[in-house]
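Given next, in structure tokens, is a single chain: the form predicted alone.
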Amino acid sequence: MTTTQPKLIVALDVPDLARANELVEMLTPLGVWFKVGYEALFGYGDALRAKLESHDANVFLDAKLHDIPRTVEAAIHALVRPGVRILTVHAIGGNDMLVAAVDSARARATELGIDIPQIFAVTILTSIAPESLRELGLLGGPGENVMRLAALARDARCAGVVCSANEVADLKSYFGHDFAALCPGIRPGGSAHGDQKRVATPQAAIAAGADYLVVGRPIVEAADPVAAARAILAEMEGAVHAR
């Protein structure tokens, strides 16, 4: 099993630019990555991305694109910029859409002379409970659906998938450790789950083989975000050494 240190990604899911900038200033020295999701991207995306670029931050741009291939290709072209390391699309968009995303990221990064962002495919959202899958017309449990969508993503040359930590062990066993797993729904022990249904502690996620852990509210809403992030990083490091 790989002993590469997994990455902590802090979700900048906050309502205003001032707070996001404050978090970037506080947390950048810790070497964490930052997630820019819908709230930040649509609310104050250009200003925040300029701030992140000025700090040479590593960015997970969680756009969760899902549209016809041509539209996704154009969106990826617009979103690729320095510091963006990971971009997301929905696996359920299908092979042609996933391939368009991968190819567009490579072409645009080459044009700009920057590192090529990795495309990760979103499988089953961590806010979806197993019983909700039937309402969506999906057969089987979360694990079966994640594996089916992950196979589609791998065949389209995506770098990995977004899934809950509960599916990571099977994912790694089947696809190997080079196919990366990015896990939202990470909650330190004692933290509220909020709207997340399939959650895991940092230690459990690392033990399963997760490569990227996304943590939002337990850090950004903490009285001391730096101390909260440091505690999670320490737990992650300990889990890596233990596995």
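One-based numbering along the sequence shown. What you are looking at is a predicted structure, and each value in this text was computed from that prediction instead of being measured.
In what follows, reference is made to the form predicted together with a small molecule, a form of this protein that is not presented.
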Among the candidate residues His66, His55, His177, Arg217, which is the single one with a non-hydrogen atom no more than 4.5 Å from the small molecule in the predicted bound form?
Arg217
As a check of understanding, the residue in Ala100, Ile124, Ala165, Ile119 with any heavy atom within 4.5 Å of the small molecule in the predicted bound form should be identified as Ile124
Run the contact test on Arg106, Arg157 and Gly160 with a 4.5 Å heavy atom cut-off to the small molecule in the predicted bound form and return yes or no.
no
Contact test in the predicted bound form: Pro184 vs the small molecule, heavy atoms, 4.5 Å:
yes
Contact flag, Lys35 vs the small molecule in the predicted bound form, heavy atom cut 4.5 Å:
yes
4.5 Å heavy atom contact, Asp62 and the small molecule in the predicted bound form:
yes
Applying a 4.5 Å heavy atom distance criterion, does Ala11 contact the small molecule in the predicted bound form?
yes
Exactly one listed stretch (66-74, 22-30, 207-215, 46-54) reaches within 4.5 angstroms of the small molecule in the predicted bound form by non-hydrogen atoms, and it is 207-215
